[in-house]
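Next up: just one chain, as structure tokens, the form predicted alone.
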């Protein structure tokens, strides 16, 4: 038996073949003097495979979200065979006597630039489609696996760590669990695992070696153990644990449709955190009552260029409409620190967590901010959208954001584009400065939402991404909980509500503290909704106390 000890960051027991993620190399190099017939044959094969993939995606989209969602993939399939596009690729092949990869890259960039330069907004948006189609053909030419996992069965995905942009590209249907050599409980892979409701382990270290590729392993996301070739006693213990896990899932199903209210009548909103429109299905299947955090940066992380207003609008609209009138809080662009996007060309910083990130980028780049705000307000006509600004430390920042919102609403009104002028505006409380200024900030907005991961980081001076800080990174620290209470008191004194959207919100051991503090809303991973509801429904708010705020 081989036992590797890591840190469990998402509970559950699962088994599957170990699959080591390899970052694809998509660098295109020009090769001159290539065999023209051979390159044309490779190109045709890549185009054929691209069309087959797009047809599968279109059918899947039609089944899950209707004909309108399938149109995008059908349009992409048409672009693959577009006469002008194909002619441009062939002209490059023959004129440059080069490899197919270089010809596709050159033609894609030429066509994307042509569309982007057009006056019509619809045609401008097609530039992104051309980039996607070109990249798909390139991937097939270069042997890059669509979704990053070349397996017919779900795998336990292993890696050193995964960047946010990498996790977004993964085929989630092929992942049964995550195991990372590095990473942390607050990293984006851990957050993704909790959203998906699958086991995950980080900090497994150098003992997790690629020689184990393909071997069946067991993952216990509670104990942090990775087990290969378990002995009979260990195997039976894992089976028993798995059975109890399944029984608990059945028990949690009885919570579906129940109200989020304590035994003594205290109601609390129970929302979900999501990272893309695809996660709405998990929100609905777990009976989330709204979305308390939609991380809009996914659109930027998965793109090779700034997403257009229309691209963003379609994503926000899809989520707002799918939630059928339930509140959807969309966080404005939160790029920087651990979420780097190459085309933003951010300067390298010694300490990016304290640098130009989140709202600082928005206010420093008003055109990027304006594009997102226009998309957000346009989407507000299709559901109960609320806008939330991250990394706020000062009143002037909020006022600048509100001025930008007012300018966008004025534009949309003049253009006759529908939007909700009463769209709620909120801010994240995730710095000590925002806690100390909470009373002033509360007068400017409709709600607070506490990002406990960053609040813990900045309060305790502990890097949330570091895996070796151990007990020093303690979200239960009285200083963090006292900061929560200060923010909650300021919110209620000024007539606004306060929620928690950090991972701490799902910690059932702190539920009595949250109730005593007066937290109005908890936004958690979809898989945490039903267990948390069960705890809420057996709690008595009046008996909860603030003892955890003391040493």
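As the structure is a computational prediction, the values presented were derived from the model and not from experiment. Positions refer to the first chain, counted from 1.
The form predicted in complex with a small molecule exists for this protein as well; it is not shown, and the discussion that follows is about that form.
Among 126, 105, 374, 188, the residue placing a heavy atom within 4.5 Å of the small molecule in the predicted complex is 188. This chain is displayed alone, yet in the predicted complex one of 331, 327, 477, 174 has a heavy atom within 4.5 Å of the small molecule; that residue is 331. When the small molecule is considered in the predicted complex, residue 293 lines it closely, a heavy atom lying within 4.5 Å.
Taking the partner from the other structure, the small molecule in the predicted complex has a heavy atom within 4.5 Å of a heavy atom of residue 454.
A residue is said to contact a partner when one of its heavy atoms sits within 4.5 Å of a partner heavy atom; residue 498 fails this definition for the small molecule in the predicted complex, lying far away. The small molecule in the predicted complex comes within 4.5 Å of no heavy atom belonging to residue 279. Stretch-level contact analysis of 174 to 182, 200 to 208, 293 to 301, 347 to 355 against the small molecule in the predicted complex, using heavy atoms and a 4.5 Å limit, identifies 293 to 301.
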